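Here we start with a single chain on its own, the form predicted alone, put down as structure tokens.
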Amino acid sequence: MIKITNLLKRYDEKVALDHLTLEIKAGTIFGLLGPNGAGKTTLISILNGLTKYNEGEVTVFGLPLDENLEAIRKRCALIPQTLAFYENLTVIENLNFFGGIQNIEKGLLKKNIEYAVETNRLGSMLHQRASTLSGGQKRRLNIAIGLLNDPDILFFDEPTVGIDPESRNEILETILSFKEANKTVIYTSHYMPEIEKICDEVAIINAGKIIKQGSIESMLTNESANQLIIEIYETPLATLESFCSKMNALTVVDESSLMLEGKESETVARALALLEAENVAVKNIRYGTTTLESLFINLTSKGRTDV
């Protein structure tokens, strides 16, 4: 679907993308993570034809990007972090306007608007001015506008910034539905739980390079590590901290996970016996780091830039 090979982008003497290579499969939700200035925005801009690159190759749908930019753009949509619609227009006026400037055939536009409205649950507010919508509803309108050309690839740049948890969950459920529609999603976010909830695969970018890529499960599993993560059913932190104080090797990560230093059978058996005595039910035991967030911090703590 998207194949990037040896991509180099400079801004004067500043290297934004340092011979980056990446492949994104069709029909997946792909998370792109990185600290501020890592090169995420530059990469998304290149894939949408908004920024030129210096060296390398980019193909989308098997077509070279440079030579087929117009055709590729017609099959893609970029949903930006900023709200990109007119506050003084109603929801339906915004949808008709943005569909019109894309020169979408009238019958097809009507069908696509119906799909965009239904997918984003905007039916009850079609004649409401955009300025009167809640933060979450505005985000849904932003997404609906991105669906007007019925794209095969959707790029999301921090789509849940500044909204309440309920609205965030609604938007994540909407994005998950795109996979069922066989659309490909490239998703950037600083909220690690969002990435863990919706993404099939993740790439971590730092200083213009991909430093880790794979499924979340494979990224968090490291059999050479000396720690085990014990996943448990949610238990109050005070309770966990109380009985973990009885075993130095056992520490609390959060309400649903503990870290055990040492993977020897005797150490594991002692920890499990302690949990059983405290009536704490174990869901899973795995090797590796605690969370995607801790892995991210470990991998990106050096080499940050301001690109």
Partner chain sequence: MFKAMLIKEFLLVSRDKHALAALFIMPAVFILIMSLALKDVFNEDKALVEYAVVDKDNSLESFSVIAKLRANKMMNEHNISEDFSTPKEEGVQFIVVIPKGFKSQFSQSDANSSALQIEVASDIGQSHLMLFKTQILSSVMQVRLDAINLSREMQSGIRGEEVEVKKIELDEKNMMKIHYAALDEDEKPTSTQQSVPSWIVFGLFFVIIPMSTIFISERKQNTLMRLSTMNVSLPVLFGGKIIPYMLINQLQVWVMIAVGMFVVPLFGAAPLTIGGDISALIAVSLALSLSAIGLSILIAVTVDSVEQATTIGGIINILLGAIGGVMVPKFVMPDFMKEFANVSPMSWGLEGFLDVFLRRGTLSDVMYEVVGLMLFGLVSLIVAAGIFNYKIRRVA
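Residue numbers count along the first chain shown, from 1. From a predicted model like this one, the values you see are computed outputs, not experimental measurements.
One more form of this protein exists, namely the form predicted together with the partner chain; it is left out here, but the text below deals with it.
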property	result
is_contact(residue 113, the partner chain) in the model of the complex, heavy atom dist at most 4.5 Å	no
Exercise: residue 109 in contact with the partner chain in the model of the complex, heavy atom 4.5 Å	no
Close approach of residue 146 to the partner chain in the model of the complex, 4.5 Å, heavy atom	yes
Partner proximity in the model of the complex: residue 129 to the partner chain, non-hydrogen atom cutoff 4.5 Å	no
Triple contact flag 191, 229 and 256 to the partner chain in the model of the complex, non-hydrogen atom at 4.5 angstroms	no
Interface stretch in the model of the complex with the partner chain - options 246-254, 267-275, 50-58, 26-34, non-hydrogen atom within 4.5 Å	50-58
Interface residue in the model of the complex among 142, 184, 120, 206, criterion: non-hydrogen atom within 4.5 angstroms of the partner chain	142
Answer option from 83, 210, 125, 163, heavy atom within 4.5 Å of the partner chain in the model of the complex	83
Within 4.5 Å of the partner chain in the model of the complex: residues from 71-102 (heavy atom criterion)	73, 74, 78, 79, 80, 82, 83, 84, 85, 86, 97, 98, 101, 102
